[in-house]
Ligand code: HEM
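What follows is a single chain, given as structure tokens, in the form predicted on its own.
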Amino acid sequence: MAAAVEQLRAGARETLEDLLRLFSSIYFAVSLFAVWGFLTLIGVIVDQGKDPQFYWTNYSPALARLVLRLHLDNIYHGTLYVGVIGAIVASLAVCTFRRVIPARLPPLRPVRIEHIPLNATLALEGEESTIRERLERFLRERGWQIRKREFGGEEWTFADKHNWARRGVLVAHIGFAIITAGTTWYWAQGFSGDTAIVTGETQTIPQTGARIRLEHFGYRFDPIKTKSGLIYQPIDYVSQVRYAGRDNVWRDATIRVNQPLDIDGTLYYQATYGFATEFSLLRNGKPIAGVPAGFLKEGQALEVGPGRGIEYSQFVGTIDRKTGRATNDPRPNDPGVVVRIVDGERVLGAALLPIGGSIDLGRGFRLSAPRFVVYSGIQYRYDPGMVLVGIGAFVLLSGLCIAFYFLPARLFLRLIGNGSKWELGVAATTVKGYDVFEDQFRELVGALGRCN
């Protein structure tokens, strides 16, 4: 029984060692970063947190099906994404204690000087104390930190330069850990979303309960002449709003592009705008029961039967009075809307409907668009971990700069002999190999020989 238990323990220790060896592998860590980057890229490309209908409307059927079945619409909160981040943190921790600390912060111990590629031997004469004093003064004047240790009755001298820079990789690891803490905080408590507020209406943000009313929306277009003709460039668009946060006090505010509104720590950004249109559908001069009242935004539709509807496709700012066709001027001078008759995913027809006018759809149906209003598209985001991510990025960059631009080096010095005849053995190591320090070591040994 005892033998079986011991064998089980040995197997468990071997499995644990294999697991630690895997997580300390640089190739495994790089693979995890590659997977993390790929998943993050998917999150950037695929719109996150939208209703399923959004993907069916804006994506091809195959892509929408893929996004929804694999839950790519909420990838940052998915088990795979969080699991990969956890594995990266675990790998960094194992690498730090099994590889980085032993390699970057080696203990002071004697070495076989002749076995180190960068080594030299100098013959010196004089009193031992005098020679050691000259050596220490020589190294300190050149910025080396001196430490002495005795091993087996033999005194060793260790000299370090930029020894603090050995911790550069550790600092970078700490920076990534801080970034991970910030992103985890956002994952646990943060949120983002968007909403469209029609002029004169109030929207309530579901995550915070904040209420925002759009009082007025202002925009400006500038005509610009190009080789292809005259185009109208949007220069500025601004939302004048009233809002109430947790204190239930209404305040006036302005939301501009790159100038978000802060309500109880949640930032609201001016993202887009559009024109919401009121429609009226009659049949034989009478309103149709069940057709929703109110304003429709581009892409929305009036349902007039099973699978059949009238879709508000596009707002046209200016209709040419002579031709009755849409122009490229987006400013609402003689506005209209493009509507499409759809049956499922099949388009049966389209028409340009002037605002204030009406069109005959046949079979007694008449569609009119009495008026339009502007709506403002607002994006909002609450990210409590943003400060941590910023601090982590700074710490990570600092650690990488330390690791790449400074060269920690260590000298091993052993003085052996007796009387006035002594032999000084010198060897050097760095965290970046021997070639990068070869010229400096040769100059140092030459100067050391001339000094003594």
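Keep in mind that this is a model prediction, so the values were computed, not measured. Throughout, rigid core stands for the largest set of C-alpha atoms superposing within 1.5 Å between the two forms. All residue numbers refer to positions in the sequence shown, first residue = 1.
Although not depicted, the form predicted in complex with the ligand is the subject of the following passage.
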One stretch from 43 to 51, 394 to 402, 58 to 66, 415 to 423 that, in the model of the complex, holds residues within 4.5 Å of the ligand by heavy atom: 394 to 402
The unique member of R213, R167, H173, K161 whose heavy atoms fall within 4.5 Å of the ligand in the model of the complex: H173
Residue among L70, I26, A34, V387 with a heavy atom within 4.5 Å of the ligand in the model of the complex: I26
is_contact(I88, the ligand) in the model of the complex, heavy atom dist at most 4.5 Å: yes
In the model of the complex, R99 touching the ligand (heavy atom, 4.5 Å): yes
Contact label in the model of the complex: K432 to the ligand, heavy atom within 4.5 Å: yes
Touches the ligand in the model of the complex: V198 (any heavy atom, 4.5 Å): no
Residues of 192 to 219 having any heavy atom within 4.5 Å of the ligand in the model of the complex, listed in sequence order: none
V436: Cα shift of 2 Å or greater between this form and the one not shown (core-aligned): yes
Flag for F394, CA shift 2 Å or larger between this form and the one not shown after aligning core: no
